[in-house]
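A single chain comes next, written as structure tokens; it is the form predicted on its own.
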């Protein structure tokens, strides 16, 4: 069988690998698998960035202070940024046709006409390998709206790749575009229709992108580190403990106190960090010690061992993240840093 694989074109092999990854029967006898890559154990400390000069105000307003549902998506086959107007028409027709089937029972629902717009959301790509972010918006009028009423945006989503792994991106065949992070808000039925159309059109696969324990711990540390530049007000964490009935614990720490703990766990001093800010990296071992310090402090006061439970949510004045894959960024200054981390998480879902 290995000889057969070598004789196939790179594109064919890759497309087959995507299907194999998601459990579709394969003549190669491969089992479902994800990449052997692991999450980076070290990353640059987030720095405040003014992206208002690169990103349009209306786009920035949309991205910030909105809670997004995260998914990952495998590379899109023969997707072209130059064909967005055509994609808008095609998806509009697809949604209208799908909605038409149930229109008779959708009393007070949406009309069977939808306007979809695909557009490039410029200013988020960080490297030459990053494809430009694509914004998708679905507009419609309520069934009994007046003719002069403007349509309302009923669903919004965007596909992005921010600071994507260059080795992986450069290894893709030229017919594939990698926009692995899919963020959406709006009705679940519209999310399903948009995903269905993208899958059929670009031979890709979607899956839920949960924000696991490791990523939540990274976010807690990164947001705490940001307090050196921007007031995070406090760090709030929510744990669930495995008792009956399940016990939910909310743990809120003052911003100055949590920064003191963070500084005490850093291998480099605060003075050294300020002197060589461009070179400062955070290692996951520091993140682990930081979280252990927070849990030890809680145990001393309440005799509750948080390490026995699961971290479900982390939030600060800069944003919030939940284990079920929902995230909100409250400050555009750290948007690039956070979505770079989420892009990495999405890329870890890519097939071998």
Partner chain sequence: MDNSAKHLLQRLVRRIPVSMLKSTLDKWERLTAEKRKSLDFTQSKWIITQELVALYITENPNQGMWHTFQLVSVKIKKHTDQAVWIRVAWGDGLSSPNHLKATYVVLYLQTPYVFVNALSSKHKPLLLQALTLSTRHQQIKAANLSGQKLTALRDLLMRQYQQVFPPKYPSPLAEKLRVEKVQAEASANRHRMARETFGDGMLPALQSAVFKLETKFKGPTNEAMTQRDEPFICSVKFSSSNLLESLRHCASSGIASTPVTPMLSSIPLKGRNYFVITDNVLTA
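Numbering follows the first chain given and starts at 1. Keep in mind it's a predicted model, so treat the numbers as computed, not measured.
What follows is about the form predicted together with its partner chain, which we do not show.
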| item | value |
| --- | --- |
| Answer range among 239-247, 181-189, 149-157, 115-123 for contact with its partner chain, defined in the predicted complex as heavy atoms within 4.5 Å | 239-247 |
| Residue among 205, 84, 280, 261 with a heavy atom within 4.5 Å of its partner chain in the predicted complex | 261 |
| Sole residue of 48, 296, 40, 312 within 4.5 Å of its partner chain in the predicted complex, by heavy atom | 296 |
| Contact label in the predicted complex: residue 61 to its partner chain, heavy atom within 4.5 Å | no |
| Distance check, residue 65 to its partner chain in the predicted complex, heavy atom within 4.5 Å | no |
| Its partner chain contact at residue 77 in the predicted complex, heavy atom, 4.5 Å | no |
| Residue 251 within 4.5 Å of its partner chain in the predicted complex, heavy atoms | yes |
| Complete contact of 89, 96 and 98 with its partner chain in the predicted complex (any heavy atom, 4.5 Å) | no |
| Residues of stretch 291-319 in contact with its partner chain in the predicted complex (4.5 Å, non-hydrogen atom) | 293, 294, 296, 297, 298, 299, 300, 301, 302, 303, 304, 305, 308 |
